[in-house]
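What follows is one chain in structure tokens, specifically the form predicted on its own.
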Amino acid sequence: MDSESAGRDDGVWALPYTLASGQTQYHELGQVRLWVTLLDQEWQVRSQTLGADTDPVTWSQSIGHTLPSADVQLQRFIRSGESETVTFIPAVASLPTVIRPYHPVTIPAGGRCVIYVGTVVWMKVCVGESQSVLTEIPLGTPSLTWVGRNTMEGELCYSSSSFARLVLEAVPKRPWRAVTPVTIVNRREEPLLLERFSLPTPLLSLHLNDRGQLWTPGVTVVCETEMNSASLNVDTKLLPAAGVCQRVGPAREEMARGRLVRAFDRIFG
């Protein structure tokens, strides 16, 4: 073990960590380095984003008195009361995520498949027993895309490339990504070429299993006739393969009817 990693433990979602005034908790998670400092009158949060080509698989944390160099971005927050605890809550993306398989998949007429998708989560930095949110940080580098019929009708989404894995065991499990099983049913009389689809991430809650993995409920998309007539349903239960889970992050949006109608129109781009 080198000096940099000495004294580090695995980070855990939804676990309150207690700091003393003057202490800093350091995290390496996803493509982010994070420092959270407690002072007598304020909380300080510093973060640094690593290159998008990095693909860390672990989450380490340590508590000490070391701060990064002054060029790392600093956010300051007034400390309310005597709160000494900081908790890290995962959150799904605030926009739908357009999944683009590296290699398109064709679903034959009358066929169906399950694709396992991993999406980046955001880290909410929460303090005190009430878990007041100071800030939230994406644990990957999100890119944006426009989905709609034209430049006037549509919505802004995040974009994510995917291997569109069909075997769950082949899906990498990382503490900064959430796994969503997506079932696609093709009830048309012709094959469905799946080049991209829009995953309604704001409608998904997050759940943590005993292996530190994040899961969302599954999503089922049924294409009846035309590409833009697909219907979408979010499962009420998790895939049994997720194991015993606790809910650690609510969905960002309620499943309002109006929101779903828009998703139906654009689910395949």
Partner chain sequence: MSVVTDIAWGTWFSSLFLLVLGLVLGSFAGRSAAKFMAQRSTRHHTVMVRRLVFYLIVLLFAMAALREAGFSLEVVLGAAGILTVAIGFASQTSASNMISGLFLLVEKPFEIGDVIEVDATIGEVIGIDMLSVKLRTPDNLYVRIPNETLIKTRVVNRSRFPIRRLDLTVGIAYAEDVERVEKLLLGLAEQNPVCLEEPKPFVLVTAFGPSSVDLQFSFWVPKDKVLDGRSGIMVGIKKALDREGIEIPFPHTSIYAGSHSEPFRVQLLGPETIANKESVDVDQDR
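Positions refer to the first chain, counted from 1. Small disclaimer: the values here were computed from a predicted structure and weren't measured.
Here the subject shifts to the form predicted together with its partner chain, a form of this protein not shown in this document.
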- Task: Choose one stretch from 103 to 111, 170 to 178, 134 to 142, 67 to 75: the one whose residues place a heavy atom within 4.5 angstroms of its partner chain in the model of the complex.
- Result: 134 to 142
- Report whether the minimum heavy atom distance between residue 166 and its partner chain in the model of the complex is within 4.5 Å. no
- Task: Determine whether any heavy atom of residue 193 comes within 4.5 Å of a heavy atom of its partner chain in the model of the complex, and answer yes or no.
- Result: no
- Classify residue 159 as contacting or not contacting its partner chain in the model of the complex by the rule of any non-hydrogen atom within 4.5 angstroms, answering yes or no. yes
